[in-house]
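Heads up, the chain below is alone and in the form predicted alone; it's given as structure tokens.
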Amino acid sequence: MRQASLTMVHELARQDKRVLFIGSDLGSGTLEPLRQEFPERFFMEGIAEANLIGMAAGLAMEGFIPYVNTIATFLTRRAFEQIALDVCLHHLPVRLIGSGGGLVYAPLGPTHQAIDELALMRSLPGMTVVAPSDASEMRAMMKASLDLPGPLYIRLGKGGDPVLMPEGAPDFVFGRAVVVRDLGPVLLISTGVMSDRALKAADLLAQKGIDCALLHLPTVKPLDEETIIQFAAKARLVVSIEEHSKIGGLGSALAELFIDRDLRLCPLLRLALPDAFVENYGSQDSLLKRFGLQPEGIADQVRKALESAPS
């Protein structure tokens, strides 16, 4: 997924002279083909993320479309004020590519675990927030990003993620949900790489006679409110599934939607990471398993919640 996003920056640079790339202390050779072809539109800034965002904002004010890439925690936590005031306040077309969303960098501990960045970016006025499921969807989203007004935050997985959206799928539209499965008394709503795990959980539940609808939300902000409400109105249980803190992410966005619309719907089960720094080191998969976010854990929690949900 990461390589797909960077390759698309190069492709977009060929299409549009406004596109340029700014990296922050990335590995040697990152986007070397772009640097060779368009050296005047390739910048590798040092470990100073606030300055990175200031550079991007200034270039955007001069008519460029900067694609900025570094580790998600450093991009969103260290440079939050600059993103808010330099980019969002002026509604600039800066594209922020956050590498290692969620628990990708789990072996490096809580300093590198981007478990709150969706909440941070959702809170900023005018910011569009996306979490594609795989490399195929990433390519489609990057193509669409060229014409998106205002700022954009892109959450990346670690790469090599299972393909949920095959090549040739419908064009990416910001703010549109993807209906993966459309029948069942349980509605699963997920984003990013968790949508593949949600699909596997739906298969496990089907083996127990529990059918699930599944909405994949590549856009976390703005939500596809009408599609979500349409499906939620027919469900006995709505379940949000995310690789993010329970506070401020996808589940919070859904709860806000239901409250703001004054909807009297079925229960909402929010499956997410706890409101805590993760103490244990390990792999992304091992920590997801620990917190019940692998397919087996998701299916088990859904089954228990459905037993107590109103019929």
Partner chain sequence: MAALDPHLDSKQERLDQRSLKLRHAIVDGLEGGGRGHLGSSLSLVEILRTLYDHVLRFKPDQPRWEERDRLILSKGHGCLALYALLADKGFFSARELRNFCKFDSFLGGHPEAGKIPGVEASTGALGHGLPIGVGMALGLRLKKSAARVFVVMGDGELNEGSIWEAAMAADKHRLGNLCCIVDYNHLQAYGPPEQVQPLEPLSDKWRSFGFDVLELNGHNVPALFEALSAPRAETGRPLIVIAHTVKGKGVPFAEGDPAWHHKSNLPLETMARIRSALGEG
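Here the structure is a predicted model, which means the values were calculated and not measured. Positions refer to the first chain, counted from 1.
The following text describes the form predicted in complex with the partner chain, which does not appear among the structures shown.
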property: Heavy atom within 4.5 Å of the partner chain in the predicted bound form - the one residue of L31, M55, L271, I65 that qualifies; result: M55
property: In the predicted bound form, the residue from L257, A50, C266, V278 that sits within 4.5 Å of the partner chain by heavy atoms; result: A50
property: Stretch from 101 to 109, 75 to 83, 126 to 134, 235 to 243 whose residues place a heavy atom within 4.5 Å of the partner chain in the predicted bound form; result: 75 to 83
property: Joint contact, M138, D147 and D171 to the partner chain in the predicted bound form, by non-hydrogen atom at 4.5 Å; result: no
property: Exercise: D262 in contact with the partner chain in the predicted bound form, heavy atom 4.5 Å; result: no
property: L183: touches the partner chain in the predicted bound form, heavy atom cutoff 4.5 angstroms; result: no
property: Partner contact for L20 in the predicted bound form: the partner chain, 4.5 angstroms, heavy atom; result: yes
property: 4.5 angstroms heavy atom contact with the partner chain in the predicted bound form for A253; result: no
